[in-house]
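Only one chain comes next, encoded as structure tokens, the form predicted on its own.
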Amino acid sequence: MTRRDKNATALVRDLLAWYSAHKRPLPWRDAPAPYRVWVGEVMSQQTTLKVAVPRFEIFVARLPDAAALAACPEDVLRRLWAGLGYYARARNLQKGARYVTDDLAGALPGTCAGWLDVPGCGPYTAAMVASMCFGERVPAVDGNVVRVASRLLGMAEGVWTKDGQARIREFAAERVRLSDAPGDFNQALMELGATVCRKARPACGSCPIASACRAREDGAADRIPQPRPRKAGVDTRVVCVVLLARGRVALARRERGFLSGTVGFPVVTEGSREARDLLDILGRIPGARIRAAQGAFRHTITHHRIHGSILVALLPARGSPRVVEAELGRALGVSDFSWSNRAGVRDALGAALDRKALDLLEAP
């Protein structure tokens, strides 16, 4: 065995020993069935574990397998996902469940390659399910693993390039192949990045593999990896349309733009053709009153810097829902409206942007 192989084997051994003693209890980790790991890993991406864990328990109690998830009505799925954000993840989970039931006769894949064929299942999730549930020696690389590996390798530059990412993946792949517990090894790398090798103020003194870390040796742990290059920000001005009739508020399942797939106020871009069509249609509704709310709000979604305002339309009680769902629906690109009582609007909103708009609407 070469010295490099001995060092890699020692790293795997020390990391697994640390993980066995320090791993956090997670419901999909403690009972790693393929469906549970799939749902748990997707749910915990872009959401803190403090939020995800209790929601996971509720989710799998109501939808215990792929068949139940595939058949779940959308309004129920939205309620089960409430508070987790990025609802597209729930839609993709359901697409994957329908693929399993329709194309795989309900049988979940048993390999990483099989999971990659499941719609919405990316390389990280596929590798986690395959390694945890089937013992496949495949590396699972997320942001935590990138941070740990780049520090161990002392990658001061080029982490986010194609070559840099390939080097990190190969680092993880070489070591997971040395492990008799690949699922534990993948989780250990992720756990180390989340709890010890943190983005800010890494706890190098508590790291079980610190002796192998080039960044620590060079005193550069807090500077590696360099921040991922961000897309140029885009300033967008939007108008949230609050339609009121008979004491109720119209909410829409939005089908366009960065809010696609969420339920909330109809939204148009300020000055757009849709905005002009909206005002034209509202102006032709007898008895309709239109006013702009005072103030504005700001919101950020990925690289979109959103400046939002509110347009309130008080519609006449008689016949207004029909008018909204027909003409306004076509103008706004909305095929499905629902009407919520004012008191229950906040609970029905599916995005933080809508809640900011509601705060502005309800401001004295």
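The term rigid core refers to the maximal set of C-alpha atoms that superpose within 1.5 Å between the two forms. This one's a predicted model, so the numbers in the text were calculated from it and none came from an experiment. Each residue number is its position in the shown sequence, starting from 1.
We do not show the form predicted together with the DNA, though everything after this point is about it.
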Do all of 291, 308 and 340 end up near the DNA in the predicted complex, with near meaning a heavy atom within 4.5 Å?
no
Using a 4.5 Å heavy atom cut-off, state whether residue 314 contacts the DNA in the predicted complex.
no
4.5 Å heavy atom contact, residue 352 to the DNA in the predicted complex
yes
Please run the contact check for residue 147 against the DNA in the predicted complex: heavy atoms, 4.5 angstroms, yes or no?
yes
Does the DNA come within 4.5 Å of any heavy atom of residue 92 in the predicted complex?
yes
Which listed residue (122, 158, 110, 287) meets the criterion of a heavy atom within 4.5 Å of the DNA in the predicted complex?
122
Interface check vs the DNA in the predicted complex: of 106, 143, 154, 135, the one with a heavy atom inside 4.5 Å is 143
Option from 113 to 121, 202 to 210, 175 to 183, 268 to 276 whose residues, in the predicted complex, bring a heavy atom within 4.5 Å of the DNA:
113 to 121
For a quick check, can you give me the residues of 31 to 49 that have a heavy atom within 4.5 Å of the DNA in the predicted complex?
41, 44, 45, 46, 47, 48, 49
Quick check: residue 23 between this form and the one not shown - does its CA shift reach 2 Å or more after fitting the rigid core?
no
Examine residue 297 after superposing the rigid core and state whether its CA is displaced by 2 Å or more between this form and the one not shown.
yes
Using a rigid core alignment, state whether the CA of residue 12 is displaced by 2 Å or more between this form and the one not shown.
no
